[in-house]
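Next up: a single chain in structure tokens, the form predicted alone.
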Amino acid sequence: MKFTCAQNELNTNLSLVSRAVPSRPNHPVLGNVLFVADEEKGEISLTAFDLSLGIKTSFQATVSESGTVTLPAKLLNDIVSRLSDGEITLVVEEQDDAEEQILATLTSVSGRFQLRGMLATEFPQLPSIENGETIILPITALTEGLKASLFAASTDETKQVLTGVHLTGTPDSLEFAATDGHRLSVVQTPLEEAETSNITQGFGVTIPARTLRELERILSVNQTTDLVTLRVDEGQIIFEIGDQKLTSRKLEGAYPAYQQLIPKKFDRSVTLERKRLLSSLERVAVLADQKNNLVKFSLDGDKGQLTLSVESPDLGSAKELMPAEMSGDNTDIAFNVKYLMDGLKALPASQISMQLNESTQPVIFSPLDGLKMTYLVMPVQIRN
């Protein structure tokens, strides 16, 4: 195998797939990246796979000799990322199939490096889907939905199904839902009917948050006009964006009936300026008690004012006032300040509404215009 390519091309694509390389592979070959050089197409494809998440990408190169090899991802990444701009040539000498150790030589303007690799036959194949559902989605809808939901997914591996985002579809919209048991984000992004005409009734899939974070990275470097193909079967998910492919296992188990958690009526409603509220929270959070990270909201409709306050026995206290349009009785309510700030950063609007009932019941934050998003936060009980 022999090919020549630009340093930045190899570096970019290698960095992308390396995110699917396990830090502690249970088989040596899984710590490698699979290279496939195609002389006829003038193309190099790279694949990494940890048996759960797989990433494949390809790019154009001058291929003198077709071939396959797997090379250690971390070592190669460390070398290529440090090379200066310019051409890189990678050569793998023909090897007897009986020999497992392979020597690859990488040459650049500044030097020459040799790496030991392994046979490509050792590398597991990425999953494929033959008879599952296939849905074509616009990048814009996916990007908006992920940005406004991913942050709310659980990091607790004991609640596997909550470590993902639940994706459902209708002919005219996609719905993303994520919850960790303390907060819930539900986002609806509109779709052109032609793009989702093949979504079947009752379509729903729970996708690991880790997979979707990698998808976000891939989408960020693609054109917003591009389309994404999503293939789903009983156990696997495959996203295809141009020459790139992302494969993942689905999360098993029934996702919670989250719509039942969202209150239908509210006694109080408050309109707030999102950026001002977020800035105030960031300032007072500096003095929040490290144990409970609590911030108290005091709503005063007579004064048209919201007071934010925090108190820590070890650090001190802080208080900020801001204007608020309010209907309903005055009340005090407290939240985990991190949960609030996470949601406010994701809400895509300058003005937001805060709807609530009693101080122990779920509170809803939503944008007044633009994206249809519901962010539910469970309040924290105030101890007097």
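Numbering starts at 1 and runs along the sequence shown. In this text, all values refer to a predicted model and were calculated from it rather than measured experimentally.
The following text describes the form predicted together with another copy of the chain, which does not appear among the structures shown.
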property: Any non-hydrogen atom of Ile136 within 4.5 angstroms of another copy of the chain in the predicted bound form; result: no
property: In the predicted bound form, Leu51 touching another copy of the chain (heavy atom, 4.5 Å); result: no
property: Close approach of Gly316 to another copy of the chain in the predicted bound form, 4.5 Å, heavy atom; result: yes
property: Contact test in the predicted bound form: Ala349 vs another copy of the chain, heavy atoms, 4.5 Å; result: no
property: Another copy of the chain: the contacting residue among Gln114, Asn131, Thr155, Thr121 in the predicted bound form [heavy atom, 4.5 Å]; result: Gln114
property: The unique member of Glu320, Asp38, Asp342, Asp332 whose heavy atoms fall within 4.5 Å of another copy of the chain in the predicted bound form; result: Glu320
property: Partner-facing stretch of 227 to 235, 160 to 168, 83 to 91, 261 to 269, counted where any non-hydrogen atom is within 4.5 angstroms of another copy of the chain in the predicted bound form; result: 83 to 91
property: Residues within stretch 270 to 303 having a non-hydrogen atom within 4.5 Å of another copy of the chain in the predicted bound form; result: Glu282, Arg283, Val284, Val286, Leu287
